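In the block that follows, a single chain appears as structure tokens, in the form predicted on its own.
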Amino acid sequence: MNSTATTDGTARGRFRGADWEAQQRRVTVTVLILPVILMTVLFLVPLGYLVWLSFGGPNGPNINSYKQLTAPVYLNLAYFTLQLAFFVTVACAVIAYPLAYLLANIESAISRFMILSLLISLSLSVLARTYSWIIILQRNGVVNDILQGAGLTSQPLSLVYNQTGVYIGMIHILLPYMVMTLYPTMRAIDSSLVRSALSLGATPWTAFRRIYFPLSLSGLVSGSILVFMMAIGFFVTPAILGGGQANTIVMAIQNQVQVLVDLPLAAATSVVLLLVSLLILVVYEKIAGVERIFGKGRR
């Protein structure tokens, strides 16, 4: 009698468990339907059309557009774009790391004001911020006035409408993204770990190198990837501050669409840029150990 009741109870429990799992699967599928539809309509379909267009589109399958991209002019543009993105990322990392460290470890009204300023800067128009650098860097601008007033230069420097202006403008615009990526990572680091290392005889440099920096590396890598990917696709700042002296591959795509009216070539350039970005992202993860930091390192 008791064994029969126990068996029935176990069977009912299994049935309820199976019913709950079935309901959970239905809820999961229902919740995922809308994101999957949106992803398909807004991303996969346009991407598929872009790939189809790059291989000739209505003119039939061919690789003529990809052959055109082997021309020296496009190879030089691609090289400069990657170089620009790399140096901007390095500069942002070098500037942002000590700044984020101070913001994360110093509690004061000044640090809170700086964080608020960074958040506000992210909401400002990139176009307006770019044009403001023309006023600052022009030959009779603030920077040249200060340099000449201090006797550091005898004549105005050419700081705008060239590659120098592009680097300055892009670093200024992308720096807050690096800082705001590093800041929460550094805030989450337990300061007692560094104090313990110091109390055990480690020098400040050793404590930083062996404890603090490895713990902050995930934020540094994430910020570097974010800044690098944004820098590759930047258009407004190089177009305005470059003055035609700092053309990037994105500007070439605009020229292909508006001037050459060669949509297959523009599509092919876009596809190659996407593939190069994905390849660099994979290589970056392998070198920096992102998989270890975010995956196996936390198991």
Partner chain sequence: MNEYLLGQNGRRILIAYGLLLIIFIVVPALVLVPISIGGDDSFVIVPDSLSLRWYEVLLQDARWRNALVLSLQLATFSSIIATVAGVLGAIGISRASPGIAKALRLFFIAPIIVPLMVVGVGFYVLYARMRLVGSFVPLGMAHAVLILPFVMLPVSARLYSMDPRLEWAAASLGAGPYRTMFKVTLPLLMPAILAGFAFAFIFSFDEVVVAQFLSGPRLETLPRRMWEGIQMGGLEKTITAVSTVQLILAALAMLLITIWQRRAASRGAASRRQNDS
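Positions refer to the first chain, counted from 1. These numbers were taken from a predicted model, which means no experiment stands behind them.
The next section is about a form of this same protein that is not shown, the form predicted in complex with its partner chain.
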**Study point:** Contact residue in the predicted complex, chosen from Leu152, Leu200, Val142, Ala71 - any heavy atom within 4.5 Å of its partner chain
**Key:** Val142
Check your understanding: According to a 4.5 angstroms non-hydrogen atom cut-off, is Thr28 in contact with its partner chain in the predicted complex?
Key -> yes
Review point. Is there a heavy atom of Gln148 no more than 4.5 Å from a heavy atom of its partner chain in the predicted complex?
Key: no
Review point. Can any non-hydrogen atom of Tyr183 be found within 4.5 angstroms of its partner chain in the predicted complex?
Key: no
Point to revise | its partner chain contact in the predicted complex: Arg129, any heavy atom under 4.5 Å | key: yes
Review point. For the stretch 183 to 204, which residues lie within 4.5 Å of its partner chain in the predicted complex by non-hydrogen atom distance?
Key: Ser191, Val194, Arg195, Leu198, Pro204
